[in-house]
Ligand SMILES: Cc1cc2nc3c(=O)[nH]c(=O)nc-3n(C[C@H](O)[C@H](O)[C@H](O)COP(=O)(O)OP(=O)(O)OC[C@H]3O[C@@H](n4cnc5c(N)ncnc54)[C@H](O)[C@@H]3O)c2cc1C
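Take a look at this one chain, the form predicted on its own, written out in structure tokens.
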Amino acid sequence: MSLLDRREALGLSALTLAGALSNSATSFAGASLPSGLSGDRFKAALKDLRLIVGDAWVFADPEAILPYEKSYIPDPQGRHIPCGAVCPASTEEVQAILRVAGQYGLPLWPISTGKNMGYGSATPATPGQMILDLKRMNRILHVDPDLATALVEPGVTYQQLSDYLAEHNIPLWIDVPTVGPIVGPVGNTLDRGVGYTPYGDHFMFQCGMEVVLADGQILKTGMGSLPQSTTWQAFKWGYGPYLDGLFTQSNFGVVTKMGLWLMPKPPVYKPFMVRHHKMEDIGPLVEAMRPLRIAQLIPNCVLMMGAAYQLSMFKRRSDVWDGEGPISDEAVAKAAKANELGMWNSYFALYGTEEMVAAIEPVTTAALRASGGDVLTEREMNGNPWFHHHETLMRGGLNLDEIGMVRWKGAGGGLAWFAPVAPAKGEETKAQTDLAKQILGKYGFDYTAAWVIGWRELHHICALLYDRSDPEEHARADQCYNELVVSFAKKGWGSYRTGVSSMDLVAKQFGETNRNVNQALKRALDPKGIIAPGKSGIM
């Protein structure tokens, strides 16, 4: 396949491609350079970067940077294209790279594994940034079996950490997002991702960071700044203002180490599925789940999965619907029934001793049956692939089943997550579901969605699934996503996380004061704007 074919397969515009080939002809980049940086200065920066990490770990020609350009989210103009990538192996090399970047005015976009699927993968928020790929920094620095803590570098994957615990016979569980084997705890936590065990709020169970600031200084948050600290991974707060949150969903520094709390393996783990058969059941379901979550009778993040979302994991759209426009509820219900699914399929688990589980199970199951649901266990659902998928996640297990979603509409898979947050009240679900279906339907897209109850909040996880290889549909997906962001924000439902193409738009919904404070912090910590300009709408 030629470079032209490969870039077109990635959905890049002709204009971007022409710029890439033009830059390649002058031997200084595979895509357009950031504003204000000449080709000569970029070549000089590349030379200095190679002195730091070696020739093999600096990428700036069109073929070499192709992996960093791949994305599933809408980008019809091909804006989110890097100028290259550099891969350090140590904190000291990160410091040196930041000095070079500051000297030449080269913006850096840090990634841990770059598998940020549905949010932009490795691509930067603004064109022409140099990817700071931390995958070589992949050491598990310490695991304390007694305190159930770990200290890891950004390139460590959940699979690597799971294998380490198994190899050393350490009875601790990790908590993973849906595509855990190929992603890492540092990157997922910094974007405030979630998982499915009682430790599912990843930032809540993070403890201590090492951060390289734009000027090269190293900050150790929490108790880490004490020279002889033994509590860096044990006590979150340290002394004075709590700083760790500043480095999540931000561009204020480069995190090079992170502490994690791990979950002790419980004596008993019992997973459940609750099946509701009508779309309108989501309201009563949330009302039943909320008190159980707040009281921690159900201790893990509860997934309430729509049937279309579930079907998209293992089926193709053509298996379910061959009509015009968005898939109908009737077609979804028919396919769901054929696969032992309801219109809403909720997954939770109980953890503890046999006595604890035996005491709590009747309380939880009675409340959920009263909401109209069928409460099912592993015995009834044995062999069902959807149950197996979620049963695996709720014990920190690893699989890649949800990657199948990108093939829902064919080989040109496009996926953008839209994730507004609301209070965990049933009345919120109907209004949000109606609005999402109305906007998605306007643009011809299906309502493939799930709800998650954290403790007191609802995450409405909408998967915008489209054919990225179709230019017209690609453009429609971009317009649809933007309308979702603005329309939901007007109702008070802001996104908790978003992709690189919509970061500025989402930031605007939170108001000028919020943006001004973030920008003041940016100017104080990174006055040259070197680290990830545009991340979360912060320049």
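Residues carry their position along the shown sequence, with the first being 1. Just so it is clear, the model here is predicted, and its values are computed rather than measured.
One more form of this protein exists, namely the form predicted together with the named molecule; it is left out here, but the text below deals with it.
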Contact flag, Val179 vs the named molecule in the predicted bound form, heavy atom cut 4.5 Å: yes
Contact between Ile111 and the named molecule in the predicted bound form at 4.5 Å, heavy atoms? yes
Might Gly193 be said to contact the named molecule in the predicted bound form, defining contact as any heavy atom within 4.5 Å? yes
Closest heavy atom of Gly373 to the named molecule in the predicted bound form, within 4.5 Å or not? no
With the named molecule left out here, work out from 276 to 284, 359 to 367, 259 to 267, 185 to 193 which stretch has heavy atoms within 4.5 Å of it in the predicted bound form. 185 to 193
Among Met305, Cys207, Cys301, Leu415, just one has a heavy atom within 4.5 Å of the named molecule in the predicted bound form, namely Leu415
Only one of Leu147, Ile140, Ile403, Ala431 comes within 4.5 Å of the named molecule in the predicted bound form by heavy atoms, so just point that one out. Ile403
Contact check in the predicted bound form: Arg316, Ile327 and Leu440 versus the named molecule, with a cutoff of 4.5 Å between any heavy atoms. Do all three pass? no
Looking at the named molecule in the predicted bound form, which residues in 243 to 266 have at least one heavy atom within 4.5 Å of it? Gly253, Val254, Val255
